[in-house]
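What follows is one chain in structure tokens, specifically the form predicted on its own.
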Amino acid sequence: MFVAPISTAITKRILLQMRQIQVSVASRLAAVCMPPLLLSALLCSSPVQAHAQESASSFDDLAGRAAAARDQGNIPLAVELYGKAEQLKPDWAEGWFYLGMLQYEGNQFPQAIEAFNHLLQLQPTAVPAMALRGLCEFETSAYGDSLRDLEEAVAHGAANEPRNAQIIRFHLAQLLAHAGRFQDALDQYKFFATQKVDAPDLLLGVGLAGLRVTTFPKDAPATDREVYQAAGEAGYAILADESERGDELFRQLFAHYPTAPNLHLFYGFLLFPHDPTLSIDEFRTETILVPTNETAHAMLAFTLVIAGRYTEAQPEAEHAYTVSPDMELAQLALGRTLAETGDVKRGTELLNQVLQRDPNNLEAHLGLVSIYSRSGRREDAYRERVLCLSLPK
């Protein structure tokens, strides 16, 4: 598994990100001689006060011994002592973090999840704890929970530190592919390609996502690993902006695996950001090799729309939408096609369907701009143009 350990330096940086954890163990252990008058007052205090003082003293002792055990590398003792300290003070956020982190490093994933649950109840925005919980959930096969936690953690900056980024993004990429979000998975893998990070499981993951396979790299069948690995190597090269090498590797792939499903679709997706017209032949080839590949039909239609070839796009878009009416890409491709070929009413309905699920879809808004401009609805067209300029990049 592609996992790197969390170093002491990274741990310290993680702790600095945690809100409201401002009192260190050392400061709690600062010994102060008790003045005689204070001692006298303590002796005369009520049993409840005395018990509170005793509990505080016991907690400080446990916290100090837990920190010492952690610093000495005695993980089992540190876990035991942190657990006892939390029984006395369940709202001690720092303790929950250390307990969870030590359990994570000791492969005690269910216990670590429980510790991070306590911490996140106290501090819902503790992003490092959210990321670590997501990694633990991955190991316990709670993939939906793991995807939720890691995606939110990355959105809030958990992957900004380079070494943490590798651990988090690799797991997130696998989860996205497992959920069928293949393009989002490739966006995560691009991070590794641009950083020139190379590993067998990484290339295998790229190939699986590119060929639209939801299997995790560790579970890929031995009989198919060769094509996934080769596809991953070719895709990785293009993601790393090594286009000539990537093009050559794909040519070799097509020669060795002429009927492999989604191979031309993968290549087309990679070509699309650089020059959409180059991807048209790849999408068309995919539809010929695998006529039931509705994603390929929808992408071919959409790419033809981008190229202004609306008449060619319409039958492909109609085909994709007829077979997969809930596919957003099919709705978008057909909506844009109809917007340009005259069926304004139906085109508007389809584009609005896309915007109901994805209000920030630039292509749907651009389609409405075209419809409103053709219909003489200048104010509506202007509003859509303004929306296009304000959409997240």
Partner chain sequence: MSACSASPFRNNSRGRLVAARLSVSISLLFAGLMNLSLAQATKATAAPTTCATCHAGAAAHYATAPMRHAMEAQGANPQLVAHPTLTTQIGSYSYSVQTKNGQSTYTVSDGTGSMTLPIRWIFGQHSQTWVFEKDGHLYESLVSYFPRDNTLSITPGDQKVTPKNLTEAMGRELSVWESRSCFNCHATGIVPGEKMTLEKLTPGLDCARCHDGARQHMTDAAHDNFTTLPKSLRRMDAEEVSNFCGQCHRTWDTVVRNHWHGPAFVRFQPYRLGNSKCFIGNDKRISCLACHDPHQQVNHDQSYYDSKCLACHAAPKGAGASAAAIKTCSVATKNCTTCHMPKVELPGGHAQFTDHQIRIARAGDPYPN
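What you are looking at is a predicted structure, and each value in this text was computed from that prediction instead of being measured. Positions refer to the first chain, counted from 1. Between two forms, the rigid core is defined as the largest C-alpha subset superposing within 1.5 Å.
Although not depicted, the form predicted together with the partner chain is the subject of the following passage.
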| query | finding |
| --- | --- |
| Listed range touching the partner chain, judged in the predicted complex by heavy atoms within 4.5 Å, from 120 to 128, 179 to 187, 266 to 274, 313 to 321 | 266 to 274 |
| Whether Asp281, Leu362 and Tyr372 all lie within 4.5 angstroms of the partner chain in the predicted complex by heavy atom | yes |
| Ile238: touches the partner chain in the predicted complex, heavy atom cutoff 4.5 angstroms | yes |
| The partner chain contact in the predicted complex: Leu366, any heavy atom under 4.5 Å | yes |
| Proximity of Ile306 to the partner chain in the predicted complex, heavy atoms at 4.5 Å | yes |
| Interface membership of Ser243, the partner chain in the predicted complex, 4.5 Å heavy atom rule | yes |
| In the predicted complex: members of 180 to 202 within 4.5 Å of the partner chain, any heavy atom | none |
| Post core alignment: Ser324 C-alpha displaced by 2 Å or more between the shown form and the other one | no |
